[in-house]
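The chain below stands alone and is given in structure tokens; this is the form predicted alone.
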Amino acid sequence: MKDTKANAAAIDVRDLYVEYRTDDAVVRAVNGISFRLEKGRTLGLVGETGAGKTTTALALMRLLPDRVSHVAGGEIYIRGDDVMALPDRTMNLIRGEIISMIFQDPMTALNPIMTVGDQIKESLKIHNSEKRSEREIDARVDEVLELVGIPAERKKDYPLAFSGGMKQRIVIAIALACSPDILIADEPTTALDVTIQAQVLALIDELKQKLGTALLMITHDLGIVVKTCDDVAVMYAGQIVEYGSVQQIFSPGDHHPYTEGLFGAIPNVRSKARRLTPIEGLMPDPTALPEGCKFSPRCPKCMEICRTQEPAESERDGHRLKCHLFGGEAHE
């Protein structure tokens, strides 16, 4: 499974659309996003709840719920392989061995009636391309537990015996058991206190450096992005409205009004004078998205054209913006 096209990106998403269908409406969750994640790099996918971040991750893993959802358009390539065209058996092998996911809530990601060691072992047995013996699998379970800072002798314990932070470490251990080339971390620190958040992020970064893994970090926290990511995709209402390197996104200059709004909502404990500036309004209803720019109902810089015409994407030195303020082939 590991022998794929040498020069292909770890993840290459092209004009992806994802919809959920109910009896009454169509939920347009992802609306034409494109991005690449190169080997050994970290891409931060940033946005509010409901932006389409987790749906994007599930589409990459081909884990969208049956019957109610489908990829309505676009292409997804994992190390050069067309994910949508792969047989189910092949995709089952790719999950875990080539691409793994750290799910958002460790409390629900673990099976409460299986020991943590058996849960790690289960993944290793499913993806046993190296034909490990039972003894070698047991040794690998011990190895990955120690790797995430949990004593190997605790493999016989059940999830209820662990704190939230340790549960998250176990979820990471399961994701890393088969040494995947690509790791998706979906809000990996949401349920953790600040001290444990820092430990988990340091652990993920350390493992990424050690294993050379490509990492897709899904978060709403720009503080996490600046600490862990090489590149950033800012997502709003199922679209990527700004994309660039961490330096481009966090430096003064041209930015999408939504990105500016996210920065305005970050607390600054060093400045007593600076007040938080929340983004007014709510994310639009994905069953009835507004015409034109999807951010226009909340945008303080909204112009008349924004309400009626979808903005084209402009690009300069890899910095992409989807906003009428920066129209044309390249924004200045």
Partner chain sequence: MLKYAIKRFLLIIPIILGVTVIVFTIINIIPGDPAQRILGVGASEEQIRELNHRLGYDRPFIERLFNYVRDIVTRFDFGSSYQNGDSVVYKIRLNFPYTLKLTVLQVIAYAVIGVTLGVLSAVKQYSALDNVVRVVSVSLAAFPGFWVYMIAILLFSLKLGWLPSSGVESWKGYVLPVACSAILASAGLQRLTRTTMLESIRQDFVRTARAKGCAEGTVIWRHAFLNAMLPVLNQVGISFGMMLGGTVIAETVFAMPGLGSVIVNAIQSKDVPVVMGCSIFLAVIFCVIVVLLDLASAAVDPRVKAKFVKQ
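All values derive from a computational prediction rather than experimental measurement. Positions refer to the first chain, counted from 1.
The following text describes the form predicted in complex with its partner chain, which does not appear among the structures shown.
Although the partner is absent here, residue 158 is a contact residue: one of its heavy atoms lies within 4.5 angstroms of its partner chain in the model of the complex.
Using a 4.5 Å cutoff between non-hydrogen atoms, residue 112 counts as a contact of its partner chain in the model of the complex.
Mapping the unseen interface onto this chain, residue 103 counts among the residues with a heavy atom inside 4.5 Å of its partner chain in the model of the complex.
Residue 79 falls outside the set of residues with a heavy atom inside 4.5 Å of its partner chain in the model of the complex. Think of it this way: in the model of the complex, its partner chain has a heavy atom of just one of 127, 255, 208, 169 within 4.5 Å, and the residue is 127.
For the residues 195, 163, 247, 108, the 4.5 Å heavy atom test against its partner chain in the model of the complex is passed only by 108. Annotated contact segment (heavy atom within 4.5 Å of its partner chain in the model of the complex): 55 to 63, selected among 24 to 32, 294 to 302, 55 to 63, 40 to 48.
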